[in-house]
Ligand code: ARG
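This document starts with one chain, in the form predicted alone, laid out as structure tokens.
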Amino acid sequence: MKKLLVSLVLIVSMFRSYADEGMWLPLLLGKQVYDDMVKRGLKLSKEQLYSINKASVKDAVVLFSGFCTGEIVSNEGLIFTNHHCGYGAIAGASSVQQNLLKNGFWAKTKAEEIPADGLYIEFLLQIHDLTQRVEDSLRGLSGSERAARQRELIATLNAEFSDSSKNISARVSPLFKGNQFMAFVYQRYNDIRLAGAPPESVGKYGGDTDNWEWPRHTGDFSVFRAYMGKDGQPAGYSPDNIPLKPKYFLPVSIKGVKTNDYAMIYGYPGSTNRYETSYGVKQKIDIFNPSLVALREIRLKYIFEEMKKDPAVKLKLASSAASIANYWKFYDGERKQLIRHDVYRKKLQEEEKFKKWATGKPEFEHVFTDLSKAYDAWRPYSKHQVYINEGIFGSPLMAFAGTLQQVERAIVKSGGSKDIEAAAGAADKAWSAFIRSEHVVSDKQILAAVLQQFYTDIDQNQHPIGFYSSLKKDFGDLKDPATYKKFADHVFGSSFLLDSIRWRSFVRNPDANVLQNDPAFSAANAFLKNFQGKYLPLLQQFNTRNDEAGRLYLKGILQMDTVKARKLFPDATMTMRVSFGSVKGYEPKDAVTYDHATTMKGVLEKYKEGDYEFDLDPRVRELALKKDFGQYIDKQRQDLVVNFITNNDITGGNSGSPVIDANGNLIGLAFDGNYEALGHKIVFDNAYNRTICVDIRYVLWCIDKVGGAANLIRELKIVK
């Protein structure tokens, strides 16, 4: 154990960064990594970056509603994050009559700010290294026994470091695939209000065409404010609450950026798997990614068809469509880049070195034999899992119907009225959310298409017993798309889940026969029980074996002599990390060179009146044509810089992260990566990896000149 801990300390504190790869724990930057940051241009001390005793940069960075990052930019709790992070709240506050999503919104006073129900922010208070404590408890255990004990222990530790009376919660994160354990302690604030958002034609300019692409011209930002109780503590929404007084907020620089300027990004990267094996890479290339992409294409086809017909439908489905489309393009690009960069072969080469090292070491020499057996056992069923999650339950109706298993279980197995009442009450809340977002026309088409796709692509031996034979008997030839359309018509026309009167009746008097005879529940249940009964146990076995082999593989890597020549850091786990690099263009292919910045000139060049992706708000276009950019103009270019790129290492979850200069000033918001490096979850590309950022001057211009919200500008500490 001591040898492993020494290796971990070396890794997080001594290896210098050869390129810009690295999502470093701010608590454990170490001398060599910090020195490398200073060599790049950093002017801040380590204590200014991270301290638990004094205000530091980490106190201005928040986990935004569990899926994005935000930053505090004023002493009154003002938050900047990405437009796509606030998209759901903006859409939820909109109506056809007052379409804030389309037209933008700017609160000119705090009283005009709109409560964003369900959003929250979390501040990181402390990080505790619990590796020794956890390892002592897990010593001698492996496989499912170790996994079960680890889950129990983490739950205990989470409770130990939490204090619900102060909205403080702890989450222990296993790092290095379960070879290191850190407790991250957070304080949550739940009263978050929308203070500003640009028109969608700014915040989502370029749509799916430009998503993951450079050059980019997107104003991907939104503005919120956090509130607290008068006692200074977190509190639920109340009109009596006051703006949050943060420990620290980021100054905002409008000096602009140039090539090779230092750039640092703080945030909450969601997940990477840089230590994935060749088996996992092959699985992604051959099965997971192409299956997911094909199924999301089906959903997007029918959603976009309906969104284009009706502004009300567009508003209703906007958030869902954006979410589906974002990772449809990502997984398509990821597969292509993994193939392009020959990642599978490179992983094999790394593993051969490990196997030679592991020879004669009982703990490690069987790692890849075990992995081979695990993948061989699961591979025949792995596509089935994707088709359940992204296909059958890609239909919102099917997804909701599947959750009603809990109600069925309470009725049939419990017999206790309190259990039934609780299950029905929870289902009723979920039903209300489902109905608000459900669009029958597109969902009906999705259901018909995914049922046919499942029938065509999944081994018939894995089909739910009797489902497709009944479909054939009652609705027609299984090779005919009309059969599935007839069935979908039947489901949507007959299900009480879409009838508010019948649903209320069911909630008042839950009846198993009524539920089981409902065509939507019956269909969802057939696929769900088939998977749960036959394939979920196999998946669980695979996950246990894969996790155990992955843990031992990385434990071995940490002990190999060659690790001294490598730079390692823990995979992203939605925990605070810092990456550092430079503002830098790149050359994606022969004879093509990309500058580090884009300007309003490029926005106007892409403009297409009335286009779904490239239209412009009239006020934006008017000011742009006049070159009315005020103090936000880039004097060298005599234009307004819209986006810029850096070579920082980020991933999903970093959306909204502050891009910070050498002096600790906010210069932009990270919001995307580039297509040429979409394999970044698995492998970092030193040559091509870029982070796309919205320039803070464009953000301020939109707030000030477009939105007229000088009140928000006055809150900021602007560095000129």
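Please read all numbers here as calculations on a predicted model, not as lab measurements. In case it trips you up, residue 1 is the first one in the sequence shown, and so on.
One more form of this protein should be noted, the form predicted in complex with this ligand, which is absent from this view; the next part is about it.
Proximity of F671 to this ligand in the predicted complex: non-hydrogen atoms within 4.5 Å are present. The closest non-hydrogen atom of N211 lies within 4.5 Å of this ligand in the predicted complex. For N689, no non-hydrogen atom is located within 4.5 Å of this ligand in the predicted complex, even though that partner is not displayed. Among heavy atoms of N326, some come within 4.5 Å of this ligand in the predicted complex.
From the list 377-385, 573-581, 200-208, 258-266, the contact stretch for this ligand in the predicted complex under a 4.5 Å heavy atom rule is 200-208. The partner is absent here; in the predicted complex, the one residue of R193, K284, H84, R299 having a heavy atom within 4.5 Å of this ligand is H84.
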